[in-house]
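Take a look at this single chain in structure tokens; it is the form predicted on its own.
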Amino acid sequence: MAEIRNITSAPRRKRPGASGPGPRQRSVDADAVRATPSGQSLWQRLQEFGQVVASAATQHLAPELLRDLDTEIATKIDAAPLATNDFGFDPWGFEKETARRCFFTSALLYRYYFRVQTRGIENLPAGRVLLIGNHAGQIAIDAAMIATACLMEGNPPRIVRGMGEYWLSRLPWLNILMVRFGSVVGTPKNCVDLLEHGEAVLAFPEGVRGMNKGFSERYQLQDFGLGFLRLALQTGTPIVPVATVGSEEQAPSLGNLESLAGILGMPAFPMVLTPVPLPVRYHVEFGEPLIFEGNANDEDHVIEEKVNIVKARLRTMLRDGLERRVGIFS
């Protein structure tokens, strides 16, 4: 064995004309290769880099107000009822650290840009609940403000699970952020799984019909789908109507270029008048829970009667919210 060690440690002669590194350099390179994380995608490496930069900026460069907000969000997320594993993920892809950074942005918009006023958050029950809201604004900022209200104002804080459009899941980067933030593709299976797991699920039965309607149709509820009511009956879930006033004026649209949307593979292509959403004041109101009984497989006209009750409650809440509002920006 002593003879073998001597042979291994003896310096090797470099061959004449050889251009490669000597034995010591090869050893260093081998260590570096072993230290490089294997199996990581470019997205994972960019995520790690972003986490380091964001953490350094938050801890050392950000004003005290931003540091306090970041701490408050982290505290709220820790207090929310979640079933995450040791790495911070839940079964649907929600991840605490990424969600904290997303909520940081939405909380800034919530408090300082849209200056959201929230009413009735105490109506949010513990356990499974289906939040049903009016949809508007061309992009789903209303969903982000409702989710932020549930986290920042809820007692306990709640992570809202949004039912996203199928189209969103096809967009690179955004599709991952959407899942890490707590949303999922809006399939009935996902919705049932989340409700049976005791989650708060947010859905907009108007869909694109509501979100991308023209300015002349603001605060006019469009046709509701029936699926959410069937899922509520199937899972025995209370429905909380959520009325949002303000989103309808954030991005006035003259109409929808459906042909161009079809070419681009988008659900809609609104002709908005402003490049960025206007700083309107949001008013988000959570109504009292509605509990329905019946067969989830009833005929459409039976289900539609129950849907109309939810729609009427939302219409009343919107009317009352508009009457209380002093101005679009105040």
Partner chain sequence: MQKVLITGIAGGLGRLVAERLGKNMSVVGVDHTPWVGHPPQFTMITADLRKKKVEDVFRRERPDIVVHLGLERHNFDPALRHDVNVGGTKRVIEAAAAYGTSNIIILTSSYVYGALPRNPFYMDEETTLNVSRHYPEIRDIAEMDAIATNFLWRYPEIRTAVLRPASTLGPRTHSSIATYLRLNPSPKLIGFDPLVQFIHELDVAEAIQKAIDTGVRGVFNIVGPGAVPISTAIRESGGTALPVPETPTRVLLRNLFRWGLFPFPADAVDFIKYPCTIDGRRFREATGFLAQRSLGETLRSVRP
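Quantities reported herein were computed from a predicted structural model and do not represent experimental measurements. Residue numbers count along the first chain shown, from 1.
Quick note: we don't show the form predicted together with its partner chain, though the next part is all about it.
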Q: Please name which of the stretches 87-95, 117-125, 225-233, 102-110 has residues with heavy atoms lying within 4.5 Å of its partner chain in the predicted bound form.
A: 87-95
(Q) Please tell me which of L171, L254, L260, A83 lies within 4.5 Å of its partner chain in the predicted bound form, judged by heavy atoms. (A) L171
Q. Among E249, D193, E217, E153, which has at least one heavy atom within 4.5 Å of its partner chain in the predicted bound form?
A. D193
Q) Counting only non-hydrogen atoms and a 4.5 angstroms cut-off, does I159 reach its partner chain in the predicted bound form? A) no
Q) Counting only non-hydrogen atoms and a 4.5 angstroms cut-off, does V179 reach its partner chain in the predicted bound form? A) yes
Q: Could you confirm whether V184 comes within 4.5 Å of its partner chain in the predicted bound form, counting heavy atoms only?
A: yes
Q: Using heavy atoms only and a 4.5 Å cut-off, decide whether all three of F292, N308 and R315 touch its partner chain in the predicted bound form.
A: no
Q. Across 272-311, which residues bring a heavy atom to within 4.5 Å of its partner chain in the predicted bound form?
A. none
